[in-house]
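Consider the single chain below, provided in C-alpha cells and representing the form predicted alone.
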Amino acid sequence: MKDEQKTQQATNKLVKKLVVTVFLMFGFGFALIPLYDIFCDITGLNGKTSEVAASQSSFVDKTRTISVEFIARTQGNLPWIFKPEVKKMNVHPGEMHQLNFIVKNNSVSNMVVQAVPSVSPGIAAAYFNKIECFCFNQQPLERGTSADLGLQFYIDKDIPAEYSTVTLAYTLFDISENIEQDEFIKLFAANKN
C-alpha cells in the first residue's frame, strides 16, 4: 500500500512539473516574436529596415560605388505582378536615388497589400536609408489596375568598406482580410483622390 502511495505521489508531482513546463513553453513561444524584434533592432541582424523615413544625407562619397540589387516577390499565391523597374543600380554612398516598383492587381477583387522590406547582408540594413517608401503605407489597388510605387533612398556614407553589394528585397502581403470594411472603403476612396 505504501509503495502505491509513493508511486502515486511521484506521478502527481511529475504531472504538475510537466503542466508547469507546458505553460512556461507556451509563454516563451508568445514572447519570442517581440524578443526577436527587439534583438533585430539592437543588432541590425536579419536585414530589418527602419519603418520611419530617414532625413536626406548632405555628403556624397564619390570615391566609392556600391551595387544595390532590388528583388520583389509576392507572398504565397497572391495574384499580383510585382517587380522593380530596374534590378540593379550603382550608387555612391550619400547620393539620393529614386525608382519605382511596378504592381498590378490581377485578381478579381479589390485588394490591400503591405510590402515588407529586408536588406542583405543584414548588417547593411543600418546603412540603408529610405526617405520615401511605399512600404510605409498600405497599398490599395482595384482589380485589374496597376500602379507605380515609389522608393527614394540613399546608402549612408559610413557603410563599412567590405559592403560593395547590398540587396533590398520586398515581399508583398495581402492584408485585405485584416482591415475593417469601413477602413477598406476609406482606403480606396482616398486612393482615387
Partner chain sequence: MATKQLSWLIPAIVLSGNASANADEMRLNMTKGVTDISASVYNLHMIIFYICCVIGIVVFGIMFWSIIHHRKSKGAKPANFHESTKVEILWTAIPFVILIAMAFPATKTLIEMEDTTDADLTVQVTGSQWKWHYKYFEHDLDYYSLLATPQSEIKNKIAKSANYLLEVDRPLVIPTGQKVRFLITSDDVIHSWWVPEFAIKKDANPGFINEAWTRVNEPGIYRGQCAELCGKDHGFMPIVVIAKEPAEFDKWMAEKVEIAKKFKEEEQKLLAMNMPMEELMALGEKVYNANCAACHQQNGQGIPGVFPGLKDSAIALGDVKEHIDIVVNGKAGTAMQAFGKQLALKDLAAIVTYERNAWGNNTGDVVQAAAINEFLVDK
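Computed from a predicted structure; not experimentally measured. Numbering follows the first chain given and starts at 1.
Just so you know, the form predicted in complex with its partner chain exists too; it's not on screen, but the next bit is about it.
Checking Glu69, Asp156, Asp61, Glu142 against its partner chain in the model of the complex, a heavy atom within 4.5 Å turns up for just one residue: Glu69. The closest non-hydrogen atom of Asn137 lies beyond 4.5 Å of its partner chain in the model of the complex. Using a 4.5 angstroms limit between non-hydrogen atoms, Val112 is distant from its partner chain in the model of the complex.
Among residues of the shown chain, Glu162 is one whose heavy atoms approach its partner chain to within 4.5 Å in the model of the complex. In the model of the complex, at least one heavy atom of Thr167 sits within 4.5 Å of its partner chain. Counting a residue when any of its non-hydrogen atoms is within 4.5 Å of its partner chain in the model of the complex, the hits in 63 to 80 run Glu69, Phe70, Ile71, Arg73, Thr74, Gln75, Gly76, Asn77, Leu78, Pro79.
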